[in-house]
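Just the one chain here, the form predicted alone, laid out as C-alpha cells.
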Amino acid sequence: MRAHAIRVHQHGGPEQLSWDEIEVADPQAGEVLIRHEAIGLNYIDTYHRSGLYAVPLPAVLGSEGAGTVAAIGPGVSGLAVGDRVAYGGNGPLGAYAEYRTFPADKLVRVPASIELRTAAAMMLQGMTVEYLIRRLFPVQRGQTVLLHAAAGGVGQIAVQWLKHIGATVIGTVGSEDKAAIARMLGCDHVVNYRKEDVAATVRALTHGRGVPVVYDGVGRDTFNASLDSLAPRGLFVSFGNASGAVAPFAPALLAAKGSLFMTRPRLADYIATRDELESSAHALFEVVRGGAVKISVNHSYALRDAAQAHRDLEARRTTGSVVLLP
C-alpha cells in the first residue's frame, strides 16, 4: 500500500525533512501493520536527522507512536485487528508515517482509559523515567535528587513520579515560564541555570553535601554543574545531549570530584526483553491511570509540518510532550 511519511535523504537541519509518498510493505512473520493516530516527537529524532547519531539514508525518522492494528502477519498471537497499541524506543525507526509495519513483540496494548494521543506522547519519555528512577538508581522516599530540564518532556513526567515516590526534587530550567511549570508540577526547588549557580545552590540546599544522583538530559551545558552537585560516590546519569555532547574528559576527574560514578544509559537496554518492556509499560500506565503522573501534550503538529516541530524543539520553545498527527 502507498502512504505518506517524513523522510531524511541527507543529514542536516530541519529543512532536510521531506514529505514523501512511500510503499508500505505487508506485515511479515511476527509483524503487524499499524495505522498511526499520533507519533511522539523526541529529541533523539533531531540527532538522527542531523547525523549526530547516523542512520542509513534515506530514513523515516521516529521512535514512538500509537495507533490501531490494521493487519497481522503470520505467527502473531495475542493481537487482533483493531487493537490499540503503542511503542517507544525499542524497535526500528520509522514512526513518522501514516502507516508502518512493526515487530509485534515490541508493542504493548494501550488501556482503554488512556487516549492514543496521550500514549504516543508518553511511551518513550515515560519508560525512560521509569528505568531512570526505579531501576538504574532506585530513588527512595526522602532522598534529594537533581533533575535538569525539569519542564521538558522527560522532566515533567520525572518530577511528578519522583514526588509520588516521596523524593525531594531540585529542578533546573532556563526561563521563568518554565520555572512556573516546574513548581506547578511539584518541584521543591527550582533553579534557573541562566541566572543562578546550579552547583552552589544545590550545595546550599543540601547543607554542603550534594545529592546522591543527578539526572542530566542536557549534556554539554550542564556537565560541570552536574558533577559539582554530587555527594561523594554520587551517580551522574547522562541520558541526553540537548545542548550538545559532553566533551571528552579524563576519568581521573571523577576521582577528583569525590569518587563519582557515571553512566550513559539508553532506554533500549532497559526494555530489551519482553518482560522488561511489559513491566516498564505497566508501571507507567499505572501512575498515569492513577493520576500520580499527568501527561501534558502541550504541542501538536501535522506530520507534514515535522520540520517546524523540529525547529521549535531545538529552540526550546516547547514544554511537555509533543505529538505529530498524520
Ligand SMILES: NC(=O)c1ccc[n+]([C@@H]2O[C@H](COP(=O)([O-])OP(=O)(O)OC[C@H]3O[C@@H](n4cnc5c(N)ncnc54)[C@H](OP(=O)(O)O)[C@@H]3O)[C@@H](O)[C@H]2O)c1
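We number the residues from 1 along the sequence you see. Computed from a predicted structure; not experimentally measured.
Keep in mind the form predicted in complex with the named molecule is missing from the figure; the text below concerns it.
Just one listed stretch, out of 255 to 263, 278 to 286, 55 to 63, 41 to 49, contacts the named molecule in the predicted complex at the 4.5 Å heavy atom level, and that stretch is 41 to 49. Taking the partner from elsewhere, residue 120 is found to have every heavy atom lying beyond 4.5 Å of the named molecule in the predicted complex. Although the partner is absent here, residue 153 sits close enough that one of its heavy atoms falls within 4.5 Å of the named molecule in the predicted complex. Although the partner is absent from this view, residue 110 stays clear of the named molecule in the predicted complex, with no non-hydrogen atom inside 4.5 angstroms.
In the predicted complex, the named molecule lies farther than 4.5 Å from every heavy atom of residue 147. Site residues 193, 240 and 318 are all in contact with the named molecule in the predicted complex, judged by any heavy atom within 4.5 Å.
Between the options 87, 131, 102, 161, the residue in contact with the named molecule in the predicted complex by a heavy atom within 4.5 angstroms is 131. Shown without its partner, this chain lists 218, 198, 170, 213 as candidates; in the predicted complex, only 218 has a non-hydrogen atom within 4.5 angstroms of the named molecule. In the predicted complex, the residues of 165 to 183 lying within 4.5 Å of the named molecule by at least one heavy atom are, in order, 173, 174, 178.
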